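Before any questions on binding or motion, here is one chain by itself as structure tokens, the form predicted on its own.
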């Protein structure tokens, strides 16, 4: 009789720390600085087609020309394009932090001043009254008191604006 022996695994807890730095470049560096220091979302504008580039970038994806240093403020509020209620607490893949229910709504936001198809981003949505939630409604950010990173992680979550 050939009896299969179950595999035995040895668990060795270990945390790998990857310490690195990378340059954001002049366009994203300004975006990060404005977000961290002034609670502002900024974008730059293409000098040829006048498209708002959000997040800011060095060249226009439509015209393929180098973007000018014409900066515009967008958001920080915006329009809710999509939302999904999570059935269990969600884990923010950027931070590893658990988003407790009922705040676990993932959403897609189009910032004020940015046209559809020209830039949007995903974030968390905190909802007090889920029955009133709908696509197309206004949302506004709730910023962390202490903003350290200058990234979208400095925004705790978005909340619907009652009309």
Partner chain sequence: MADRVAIVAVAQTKYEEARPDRRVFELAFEVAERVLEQTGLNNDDLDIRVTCSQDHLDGMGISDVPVSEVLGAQYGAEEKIASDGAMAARYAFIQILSGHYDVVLVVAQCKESKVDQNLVANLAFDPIYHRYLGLDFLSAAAMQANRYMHQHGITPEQCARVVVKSLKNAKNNPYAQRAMDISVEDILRSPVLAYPIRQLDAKPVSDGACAMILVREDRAKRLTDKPVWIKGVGSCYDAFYLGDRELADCDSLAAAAKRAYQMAGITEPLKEIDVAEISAEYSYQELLWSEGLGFCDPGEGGRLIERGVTGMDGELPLNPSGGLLSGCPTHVAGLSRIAEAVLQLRGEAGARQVPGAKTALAHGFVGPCGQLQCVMILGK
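Given the structure is predicted, the values throughout are model-derived calculations rather than measurements. Positions refer to the first chain, counted from 1.
Beyond the structure shown, there is the form predicted together with the partner chain, which is absent from this document and is the topic of what follows.
Distance criterion of 4.5 Å from any heavy atom to the partner chain in the predicted complex singles out 57 from the list 39, 57, 126, 138. Not displayed here, the partner chain is kept clear of residue 112 by more than 4.5 Å at the level of heavy atoms in the predicted complex.
Under a 4.5 angstroms non-hydrogen atom cutoff, the partner chain in the predicted complex has residue 65 among its neighbouring residues. Although the partner is absent here, residue 23 lies within 4.5 Å of the partner chain in the predicted complex, judged by heavy atoms. By the criterion of a heavy atom within 4.5 Å, residue 51 is counted among the residues contacting the partner chain in the predicted complex. Contact annotation for 9-33: residues with any non-hydrogen atom within 4.5 angstroms of the partner chain in the predicted complex are 12, 14, 16, 17, 18, 19, 20, 21, 22, 23, 24, 25, 26, 27, 28, listed in sequence order.
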